[in-house]
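Next up: just one chain, as structure tokens, the form predicted alone.
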Amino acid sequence: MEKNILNNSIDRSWIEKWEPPFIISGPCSAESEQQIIETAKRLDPAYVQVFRAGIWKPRTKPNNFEGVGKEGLQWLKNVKRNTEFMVATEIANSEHVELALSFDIDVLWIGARSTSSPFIIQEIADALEGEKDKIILVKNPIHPDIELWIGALERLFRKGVRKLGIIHRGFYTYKASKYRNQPNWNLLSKFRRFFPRIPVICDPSHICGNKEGILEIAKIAYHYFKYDGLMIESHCNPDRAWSDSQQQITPEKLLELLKKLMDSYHPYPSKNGNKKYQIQNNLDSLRIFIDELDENLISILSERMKISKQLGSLKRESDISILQPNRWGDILNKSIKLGKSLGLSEEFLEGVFKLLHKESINIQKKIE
């Protein structure tokens, strides 16, 4: 599908009628009607537009709480009836779609695991065929595969769904990180260059996996990358939440966070200052990309040195010399060859790998 067709035909009316940022909030999981109603009543409708709650919660491993199911849809309907909020929940198959529509749920989002499967996306798209009124949001796939994400949107678009948007909830990472899911801001920037009209919602709760980092991520998303909105999990009693308690905040903390976010936000200045502002914004955005890559580098270097320590222990036990000139030569030559193919200079690569080799030797020498 031509990218401009998807761009030009997206219906943005659902988000453009609100003052930004568009806010979706509520608990990770619906646990009881009392919990749902209390959380909703404590959210401020002056800041929050949509109340969310997970009804179906399939977990990585069985025997954990996996959602209340259909009963929770009635609770959401009651929230919609008794408050100013639209309501939202996650769908993962055609049955979920049919049930959610039958309870007049306004916003349906497709989770990261579902986005990763074209089979599941097609099933959901078929069930939504011709749907004009509901807002359908697609979370990024678990792994940073932009084509899977685009493919999910195209499958929905081909079935007539026009009120589309995406949710950036971060990507799985194999390494140690301060985040539960790596933001990968650069990938999101590429996506938005392809599809500038598709509304983007950031999910700091799932990116962070904790309460402490939510404001920082929200600021980056809204201030620097101009996302359209945020999805932040809130709960009337987060410490007793049945799922993801560590990343949920109270409605009062959410209001405090959103006020801080807006108080620190400075939109485009007067016409004459736009160019200077844009240059600074571009500089800040590129520095965010670099900071994220630096964090990745440090994490990878830490893992590399842990393996060097294991090598040192094995060499000592086996009475093998720490310095292996042939092995070192092979590493250096292969690395220089690969790096040059990626546009890096031989001098730079040699300097980096000599430092790595020196530190690896030092670590192995310290093994007792």
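Just count from 1 along the sequence shown to find any residue number. From a predicted model like this one, the values you see are computed outputs, not experimental measurements.
Below, we refer to the form predicted together with phosphoenolpyruvate (PEP), which is not included among the displayed structures.
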Does Gly111 make contact with phosphoenolpyruvate (PEP) in the predicted complex, using a 4.5 Å heavy atom cut-off? yes
With the cut-off set at 4.5 Å between non-hydrogen atoms, does Cys28 touch phosphoenolpyruvate (PEP) in the predicted complex? yes
Flag His96 as yes or no: does it have a non-hydrogen atom within 4.5 angstroms of any non-hydrogen atom of phosphoenolpyruvate (PEP) in the predicted complex? no
In the predicted complex, is there a heavy atom of phosphoenolpyruvate (PEP) that lies within 4.5 Å of any heavy atom of Lys163, even though the partner is absent here? no
Specify the contacting stretch among 146-154, 79-87, 255-263, 112-120, defined as having any heavy atom within 4.5 Å of phosphoenolpyruvate (PEP) in the predicted complex. 112-120
Does any residue in 185-201 get within 4.5 Å of phosphoenolpyruvate (PEP) in the predicted complex, counting heavy atoms only, and if so which ones? none
